[in-house]
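Coming up is one lone chain in structure tokens, specifically the form predicted on its own.
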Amino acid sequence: MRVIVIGKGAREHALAWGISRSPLVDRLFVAPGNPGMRDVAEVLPVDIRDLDVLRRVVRDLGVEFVVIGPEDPIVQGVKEALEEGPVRVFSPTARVSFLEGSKVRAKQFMRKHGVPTASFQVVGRGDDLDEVVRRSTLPAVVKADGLAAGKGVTVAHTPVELRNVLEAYLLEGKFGEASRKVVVEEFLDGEEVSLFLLLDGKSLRHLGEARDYKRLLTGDRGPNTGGMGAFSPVPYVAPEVRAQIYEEVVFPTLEGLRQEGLTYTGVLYLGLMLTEEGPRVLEYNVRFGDPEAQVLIPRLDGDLLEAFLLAWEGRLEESDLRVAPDRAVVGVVLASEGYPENPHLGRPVVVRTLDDPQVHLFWAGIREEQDQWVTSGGRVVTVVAEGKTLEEARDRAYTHLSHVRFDGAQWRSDVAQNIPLQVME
């Protein structure tokens, strides 16, 4: 079978790596990909925003199955555009993508269907911002309504700060159309965790939990980023906590989709805060997370491609895919100097050969320039390591950070460190 993975980041590299291990694959492509993915796939540097080009590439290469990685193509309806022909596309539909594509609609969905989440208000450009500030409980969380590459969230601690954030989002258009409306919600205290499901419209498969690190700097300092590292499993998600999450969050979400007449096929990501009152939904994503995918996929036993195919066919219950109970994975992101506001690009990247089969380099922001890799984005690579325990995986990941070098590289030194063992009674 000929398969193409849509996307260019470390998440898509991890997906391609997982798919490449399937005996069902004859040829595997990534579009647009990056040079670091050549270890597992053929790289097609095409503009995936041009649907005519993408259709032609899929047709000319005889691609039978497409896996979409990032959120933008899902929201923009690439699945529907490509499935006009005989091609199968693994991705949720644009119709259900509002769960990620609109924070406003997602919060309204949660409220309607009894999914526990933070209290919130929706604010638009014509609203009285002084009144919004007056009725907000501080600290408050401001979220851009639309897609903002994981950066459209700010926590405001004072009335002045909240007013400034609202002006930046709504009046100055910090995130363009994505911040024409915002959600202002209560700040939730607790520990975060992300839970991932594979769905086929009828049944589900648990893909595990992960914990990511959104702040740039060690100790949760600095600006929000797309994610600076992650680990899985998450020790404070004990079996009874997972059961509570399913009972109070997962099942009401799936029942809400059913009541809305929506069929969900693909990966669903639930970003959660585990509070003293129980689990609360921070956000939905309609795809694997980045960097969570980089630590989840190496924990999966079974045929990833076959599971995606069976999900597309509505036969997920036949899949042998499962989370390995005795395998821990830690990923640490190396990012460019200046990331996330103004990453410095064009820095030469030097890579030493890996000496450990339990270590993987999942590449993102690189390009080729005169036979040399150089930085081309904010997050450059995720260094991922497996182990029997999180401590073993963490030590292995940080030991291998030195295998990648570029000027100005920045990373967090506390990924998978000081993890609480229990957060909910």
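So that there is no doubt, residue numbering starts at 1 and follows the sequence shown. All values reported here derive from a predicted model rather than from experimental measurement.
Quick note: we don't show the form predicted together with a small molecule, though the next part is all about it.
Contact check for L262: every heavy atom lies farther than 4.5 Å from the small molecule in the predicted complex. The small molecule is not shown here, but in the predicted complex it comes within 4.5 Å of a heavy atom of L282. Taking the partner from elsewhere, K181 is found to have every heavy atom lying beyond 4.5 Å of the small molecule in the predicted complex. Using a 4.5 Å cutoff between non-hydrogen atoms, E248 does not count as a contact of the small molecule in the predicted complex. For the candidate set E192, D303, E161, D200, a heavy atom within 4.5 Å of the small molecule in the predicted complex is found for exactly one residue, namely E192. Put simply, of L204, L188, L309, A94 only one has a heavy atom within 4.5 Å of the small molecule in the predicted complex, and it is L188. Contact with the small molecule in the predicted complex, judged as any non-hydrogen atom within 4.5 angstroms, is confined among 137-145, 86-94, 238-246, 329-337 to 137-145. Three-residue candidate spot A118, V153 and K214; every residue lies within 4.5 angstroms of the small molecule in the predicted complex by at least one non-hydrogen atom.
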